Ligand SMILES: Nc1ncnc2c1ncn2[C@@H]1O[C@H](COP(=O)(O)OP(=O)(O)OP(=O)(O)O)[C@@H](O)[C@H]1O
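Given as structure tokens, the chain that follows is alone and in the form predicted alone.
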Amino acid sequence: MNPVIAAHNLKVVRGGKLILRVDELAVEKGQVLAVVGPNGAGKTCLLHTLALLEPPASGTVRLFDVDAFNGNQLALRRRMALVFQEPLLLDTTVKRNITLPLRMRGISGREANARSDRWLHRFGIGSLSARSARALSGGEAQRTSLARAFAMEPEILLLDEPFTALDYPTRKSLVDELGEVLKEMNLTTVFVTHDYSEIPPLTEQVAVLFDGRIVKRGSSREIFGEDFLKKKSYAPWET
């Protein structure tokens, strides 16, 4: 079977400078891949390119075995969801933050409400549906963002360090819940993180990005070693 996400000879240039150079990257259906690396390694650039938000200077991105930058961007974007570090919520209620994007995609009001209720409850914020998004805590806002993403019923989920701004207890709880959902949904996912403790609840597959290139790819044990959670200062791109 062809991978759901595939990049080949991918190069992204900004201001005349080569930012990203990925020879090969493949993510199979249902696979969850963590992308780690130092600041400035190109992690967010890679994610934005896979999300079709930034076209490459050369090379190809194929999603569902379709050339993604050959006039197919809009149709393919409708098959994915992207969660940023900032929740980027609309200035309306929590529930309308979920139902409005669905309605814009042609989903009926009844179905939009059903999906909204399902995912708000799944992420533990069903009681907040009528609250203004501006009144949410950081954790509540990110739960809303995740509920909105899953309500889209995407075939690809892209996560750009969505837990960075959260305190440790909130982050751990939300990561554990997300890990359970990803296992249930068998959803193809790429997530960028700088916190290694987020990896075990979500996946065993890791790609290390350094200076715009994938320098290592394998299981978390292969990349970090058996006791990597005890080595929070360990940087695999330095070995």
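Not measured: the values here are computed from a predicted model. Residue positions are given as counts along the sequence shown, with the first one as 1.
Not on display, but discussed next: the form predicted together with the named molecule.
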For the named molecule, considered in the model of the complex: do all three of Arg14, Lys17 and His194 come within 4.5 Å of it, counting heavy atoms only?
yes
Listed residue that, although the named molecule is not shown, lies within 4.5 Å of it in the model of the complex (heavy atoms), from Glu155, Glu161, Glu140, Asp117:
Glu161
Can you work out which of Val181, Cys45, Leu52, Ala26 has a heavy atom no more than 4.5 Å from the named molecule in the model of the complex?
Cys45
Tell me which stretch of 167 to 175, 35 to 43, 197 to 205, 59 to 67 has a heavy atom within 4.5 angstroms of the named molecule in the model of the complex.
35 to 43
